[in-house]
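Okay, here we've got a single chain as structure tokens, the form predicted on its own, with questions on binding and movement later.
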Amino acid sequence: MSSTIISSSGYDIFIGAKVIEELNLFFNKPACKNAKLFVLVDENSLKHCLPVLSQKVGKIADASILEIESGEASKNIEVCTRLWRALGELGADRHSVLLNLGGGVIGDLGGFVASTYKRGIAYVNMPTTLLAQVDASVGGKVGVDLDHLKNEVGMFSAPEAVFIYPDFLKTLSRREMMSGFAEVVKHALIAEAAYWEFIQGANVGDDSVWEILIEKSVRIKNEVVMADPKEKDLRKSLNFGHTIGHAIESYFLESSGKSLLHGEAVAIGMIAEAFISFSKNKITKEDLDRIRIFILNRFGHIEIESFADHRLLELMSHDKKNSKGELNFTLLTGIGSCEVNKTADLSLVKEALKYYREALLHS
């Protein structure tokens, strides 16, 4: 089966079993053939993914490898500084290329490092997690966290290409796969009711559905991004579940308790923000119930103590979509449709957090 090619703004996204061949062709182009190549990995992609590429892509066998620790804790300016220094010490010039081989953290961080080193060198994304394959690697957003605030420092900077090889997903735990599946759920809820119906029976443990989910989600995200590349309006629809979800993710990251994966936090955010949508008479009680039951059945219920609400609201106040001191949300207008730039007062947001906290009582 040949790879699927989706054209984005100035670059192509390759999906499928043949993308390693496409990667070989890409690195044999004149602009890349003589360029010094660097590959950014974490301990997981170093172990499970890099050996596959090294055997099949000659350029990678000669590349310089840069390694960071996996996880959101590495997505900060201190790690960037270490990588900028390493690039300099290893002789990277303005014609060099950085291949980001890993999940969302690798793509966000690596893209930011490449886009700022010597005022910008070329970078390529090869996402290895479902979260990165269906969402994070596409769209040209790069950046890092600051004091546990998600993506507080960053820019819009497109890769030269994105290569999505579904077989890499075989190395992931179910928890990591489900984290990525949360973004699939988001795409369905904001954009296509038929996709929502399809994922009702989708099993992320079945590799026969991976390419379907990846291609469909990438097409949805790509259409939104191409229509609004700098997030002036429509692109904010991709933030459904993220205003509350990012705050929850940051809260767990800064606390001494257990950490949450990005998709796990977004799953909580989608239930809470669906409740806000219902409270503003934008979706029916039936839609709210379907969303809550589906997400709880697949992601379980995470305990969030009521004393966390004050800090969560503080974290939400830093969300980049906010305007004039008001919390800004993307809200559903039905399953498969949404609207952006909608505000909610603090009392309703607290009510939404309470709704999630007591979600099992509604089931």
Ligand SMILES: NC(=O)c1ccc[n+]([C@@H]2O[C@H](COP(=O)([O-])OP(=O)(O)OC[C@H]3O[C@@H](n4cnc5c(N)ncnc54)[C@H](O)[C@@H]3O)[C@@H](O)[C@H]2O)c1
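Quick note: we count residues from 1 along the sequence shown, nothing fancier. All values reported here derive from a predicted model rather than from experimental measurement.
The following text describes the form predicted together with the ligand, which does not appear among the structures shown.
Here the chain stands by itself, but in the predicted complex one stretch of 202-210, 96-104, 110-118, 274-282, 96-104, has heavy atoms within 4.5 Å of the ligand. In the predicted complex, every residue of the candidate spot (Cys49, Thr129 and Ala132) has a heavy atom lying within 4.5 Å of the ligand. Not displayed here, the ligand is approached by Gly71 to within 4.5 Å at the level of heavy atoms in the predicted complex.
In the predicted complex, the ligand sits beyond 4.5 Å of every heavy atom of Lys236.
Of the heavy atoms in Glu176, some are within 4.5 Å of the ligand in the predicted complex. Heavy atoms of Lys75 reach within 4.5 Å of the ligand in the predicted complex, making it an interface residue. This chain lacks the partner; the member of Ile291, Ala191, Leu87, Leu172 within 4.5 angstroms of the ligand in the predicted complex by a non-hydrogen atom is Leu172. None of Val124, Ala92, Ile220, Ala136 but one reaches within 4.5 angstroms of the ligand in the predicted complex through a heavy atom, and that residue is Ala136. Residues of 31-45 that come within 4.5 Å of the ligand in the predicted complex, judged by any heavy atom, are Asp42, Asn44 in sequence order.
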